[in-house]
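Next up is one chain by itself, shown in structure tokens, the form predicted alone.
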């Protein structure tokens, strides 16, 4: 009997509530005190096509999905056919044989147990919608795992309105009882409450963590055009706008969004937008305007694969270079790459502070896997949150002794910022090259001075970065091999490290959190003593390896790259790393 360790997959047709079902089960595990990771996979279709959601729950801390499936809830036959090779020996399949049959060759034996449950019939008997068969299946899964149905019921009560909740609770109970009466306890996996049951841990996605980070950083203006996989930030913030006294706008385009956010930032309001792929391309020119005018928008770039439309609902790490070099001309910017939900939250707070302190755009780069996967997290530490608005002058502080210069040339490159409307201070800025007052200039001497002024901020920023966790090292310092990565590969890499360590090999992982300015000294400090280096990235050209080569003149020894739109599987990744060793 395997206790408190399960990987479950819910699969079916798009539009059948697959993601919601997986999330309900995941929350049920969380409330029982388990660590949980949930990932969804869906095609860019409104209806039809195959969707699935994987829930991994374990008593020990986990960082990603698993490669294999212990329990499969198949709402159609396609789910069985597509995922049969992921089933472990002794796995179970919950299905409705009155809707489709499963033949031995469909699962290729492997000691897989089939559990027929009349999902649709029960849903019809309850006169509920067909989609309620999902809840019947969740009740059946709860019984197979000998888990506490009360916990699932509590989740249902918190999710739905009273009448719908009661219907779903009855559906779950019918599925639960059917399994208990017909199959008893013959499944080889069991879930039970742990000592962490009822603790105040949270379960959220990367996008939700970014949204929470923005709220805690004092963001008062959010404008965005919906674009998967960035859209859920808009969904998260929109219902909270009144509670947090902020403005949330769905704009007519990404161009409008970035211009509104830059305008709000110029007016003294902390402002953010988010987009993906082609949406970020559309924002390129306006990001340059923010650089030239030294305003401070925070931009979230949630990557997806491919040029053009690519794979809209899948994941990749292909936009490092694009983020670092976006827009014409040269201007300072910051690019931060969080790797988990904790970093999504705290990095967003840092992004707002750095944007205003150094008066430049900040890009938070994420991807679909990080932005839409759910993970268990401790409640965020409010003591770690500080607001730094930089050199911002108030009306009470402004003495009017001389004409206000928005772009005054200073030793640090940072000019004192006034909010438009302060009595006596005319705040001029200009997307053309300009003088200290903000008036257009084409003077060659002044052009050079203003360029130098803007880039002097990078020197100050690099000094400031010494106080930040721009890189993180996991594992022993003197390891046989150092894995180098950034962003969402963090989770699968840390899971792969567990597997490799169990095989007697010693590895560590250098996570690069800040991509621009590149933390050259800290990376060099770690890599110069590395016995062997392996870059792990979700792109074809190993863009991080290129940055290391460019900034440190060091070549990464090996590259493990995946660019099929899917995240790394920990076991497969561990195997690839072991082959290199």
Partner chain sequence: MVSLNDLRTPKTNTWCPGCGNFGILMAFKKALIETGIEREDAVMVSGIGCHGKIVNYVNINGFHGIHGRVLPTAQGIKLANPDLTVIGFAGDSDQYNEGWGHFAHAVRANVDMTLIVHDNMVLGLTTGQATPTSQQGFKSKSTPFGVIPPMLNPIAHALVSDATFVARGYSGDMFHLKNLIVEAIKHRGFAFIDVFQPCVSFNYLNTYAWFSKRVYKLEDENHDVTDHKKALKKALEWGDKIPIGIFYKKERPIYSDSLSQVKDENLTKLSKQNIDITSAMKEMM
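Note that the structure is a prediction, hence the values are computed from the model and not measured. Residue numbers count along the first chain shown, from 1.
One more form of this protein should be noted, the form predicted together with the partner chain, which is absent from this view; the next part is about it.
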property	result
Complete contact of 16, 49 and 53 with the partner chain in the predicted complex (any heavy atom, 4.5 Å)	no
Exercise: residue 445 in contact with the partner chain in the predicted complex, heavy atom 4.5 Å	no
The partner chain contact in the predicted complex: residue 494, any heavy atom under 4.5 Å	no
Contact flag, residue 165 vs the partner chain in the predicted complex, heavy atom cut 4.5 Å	no
Interface membership of residue 410, the partner chain in the predicted complex, 4.5 Å heavy atom rule	no
The partner chain in the predicted complex: contacting segment from 315-323, 330-338, 365-373, 414-422, heavy atom within 4.5 Å	414-422
105, 403, 181, 111 - the one with a heavy atom within 4.5 Å of the partner chain in the predicted complex	403
In the predicted complex, the one of 436, 96, 208, 350 near the partner chain [non-hydrogen atom within 4.5 angstroms]	208
Contact set, 380-409 vs the partner chain in the predicted complex - heavy atom within 4.5 angstroms	380, 382, 383, 385, 386, 387, 389, 403
